[in-house]
Structures are given as C-alpha cells and as structure tokens.
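Only one chain is given next, in structure tokens, and it is the form predicted alone.
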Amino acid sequence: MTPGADAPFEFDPFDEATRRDPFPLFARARREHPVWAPAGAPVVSIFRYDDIQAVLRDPTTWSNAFPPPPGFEPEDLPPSMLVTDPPAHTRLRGLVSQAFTPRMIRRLEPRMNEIAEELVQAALARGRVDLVEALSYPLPVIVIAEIIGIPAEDRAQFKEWSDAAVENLGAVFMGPLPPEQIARQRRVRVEMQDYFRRLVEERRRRPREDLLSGLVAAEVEGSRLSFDELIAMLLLILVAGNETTTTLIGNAVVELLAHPAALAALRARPELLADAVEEVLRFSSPIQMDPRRAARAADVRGHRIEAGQIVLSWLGSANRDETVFERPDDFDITRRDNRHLAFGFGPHYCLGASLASIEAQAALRVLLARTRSIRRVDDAPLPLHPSFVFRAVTSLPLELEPA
C-alpha cells in the first residue's frame, strides 16, 4: 500500500505495490526528495527530468562502467558497449550502428508486418490466448533472430537465455545476489558464448546477408571487433532486441485496454499509431531505471555525490515530470512534443529505438485491423517481470474477437 503524503517518505523498488503503481511515489519524490539517498542506502536515486537528462548526457562525470558486483569475476562481464564510456563506447557503437539506422529498419518493415499477420491469425484461430506468448514475445524474437542470423530452430533457446540474462537486472545495485543466481548467470553466459562461437566460425567460412556476418567483417578505421567484444555485442543485441520490445507491445495493449477511448480512437484513426507508441513509451516506460557510477565527486541539486557512488535515474518518473509534460498522468495518444526519456539520452541513447517503435506499430496495426474487440479474460493482477528495472507483465490473457 502506498503511504499517505504525511507518512515518512520511503521508496523500495522491490515492493510489489510500488512496482504496480510507482507514480504517486515518483510525484512525491519529485516534490520533496528529488535526490533520495537515505542513510546506509547503497545507491542514490534521482527523479526529476532535468537532473536525469543532465546525468545521461555527461559520460565524463557519470560513467557506464561498473566494477564487478560482489560474487562476480571480471570475465563474467564481457566488454559490452552498454558498460563502456567514450571513446571505447563510440568505437563499439560505430561498428554496429549501420545495421540499426532508421533507413535499414524501414527496409525490414514489410517482414515485420508479415510476421505479425501470421502470429495474429494464429491467435485468432484460438480465440483465447496469452498475448505475451502469442504475439509480444515471438514477434521481436523472430525479428532480432533474423537480423542477427540465428537459425529458426534455435529461437526458443535464444529466448530462454534472454530471460535468464535479465531476471536479476538492477538487483546487484541493492546488494549481493544469492550464490545460486550468480552461478546461473555464469552458466547462461558460458552457454551463449559457446553457441555464438560456433556461429561466428561458420560465418567466417561462409558469410551471409545478416548482422552476424557484418560484425565478423566489420571494420571502422582499421578497428575490428575482438572475439570477446563480438560475443558481448551479440549478447547485448539479443537481450535488448527482444526484451524491451516485448515489454513495449504488452504495455501498449494493457494501456489501450485500460483507456477504452484511446483504443477506439486508434481503431478509427490508425495514422495515430506512431504517436500512440510514443505515448506508451512515456506513460508506461518499459525500462524504469538507468544506472550510472560517479566517475568523480559531483553535485545534484545541492546533494554531494562521491566518486564511485551509484546513481539510479528513474526514467519512469522523468517521463511523468509535470514541469516537462502537460497533464503528465493522462494517457493521450495525440500528445505532441513528446520528449520522453524512455530510450535514454546522450551517448547511450538506445541503438534499437527505431526498431522497437516500428515493431510495436506493426504488432498493434495488425492486431487492431484483424480484431473487432480484444478483452481481458479477467481482472486478476497480471504477473510482473522478475526485475524491477522493467515495467512489464509476463502474461496477458485475452479473448480476441475477429473483425
């Protein structure tokens, strides 16, 4: 239960009630505790849009490179561009960015629509489905697997690894993980490395028209990816390429069902799809938090943060900041100038932002065109993603009525 305004302020990101509706607490934090660092807390949380944007744009003060968490070894954390700073980050991003330009993503749009059609038709044949299982999970997995060049028969394994890779995301900043969870993370990483090692060797012998072949051959100013960097890049693209998009599609359907007027407007005016997806990203951001490490002592709103301290930027709060967004708690699919931070900001702005948005549009376009109505099976609370970093449900039982 969310405490009243006169109760002492507490923010526990693991608390289920907070995870289901963090927004009253976020609003109170922006008013009363924009920088929240209670005595003994392992991290500092920041909640206001301007502060978060300033942190995310400044990699010299706010680093993305973190020491290994307790229980982990350096080799457990391959050299991913997610946890590097410029200039190393700039080099790694340059080697993969050409595969994710808006122009390249637009070329994939017909294939995305084709996959969405197949999945929605199969769901309609069943009538009652879990939308996560039927559409919001398989669409991004198939798309990113085809982009990378993963054989179709390996997709289920691919998804298992992805789920395991993110189940504890964020928890390491709050304290050590249990040894069995560390062992599981290590096992998954080794399995993925062994799998990709075989694929990489195959592409070296027989290149194809896929991202994996491009990464094997990639060269920018004479700087190829090392094998460890290549593996880290593939793991990152695998996880980021499906987890956040699965969540975005699910959140879009959840919010449209919770706002029937918006759902009716979108059915009547499909040209609002792009704006609707942007509003879902703002209103129900798939990624709620983005961490940084203070590379040097700094000041945020009069609060001193020492070098080495971890700062959590709560994107879900920034995207409801009343100083930036009019009527921030209204779900408005016609909203203009939607400057949300759902994909981050600055040098680590999400490389796959265009891919995620266009996939979500494809899923919604086909789902709404092929159904007369979509309804929740019941009003039971939906199961939450295991990591508090994600605002996501892992199951969404629906009844679909064909158009």
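Given the structure is predicted, the values throughout are model-derived calculations rather than measurements. Throughout, we count residues from 1 along the sequence that is shown.
FYI, the form predicted in complex with a small molecule isn't displayed, but the following is about it.
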Of V120, L248, V311, A276, the one that lies within 4.5 Å of the small molecule in the model of the complex (heavy atoms): L248
Contact assignment for the small molecule in the model of the complex, among L135, V280, L256, I144, heavy atom within 4.5 Å: I144
A265, heavy atom within 4.5 angstroms of the small molecule in the model of the complex: no
Touches the small molecule in the model of the complex: F100 (any heavy atom, 4.5 Å): yes
Exercise: P38 in contact with the small molecule in the model of the complex, heavy atom 4.5 Å: no
Touches the small molecule in the model of the complex: N64 (any heavy atom, 4.5 Å): yes
The small molecule in the model of the complex: contacting segment from 47-55, 25-33, 370-378, 353-361, heavy atom within 4.5 Å: 353-361
Check all three, L82, I237 and A240, heavy atom within 4.5 Å of the small molecule in the model of the complex: yes
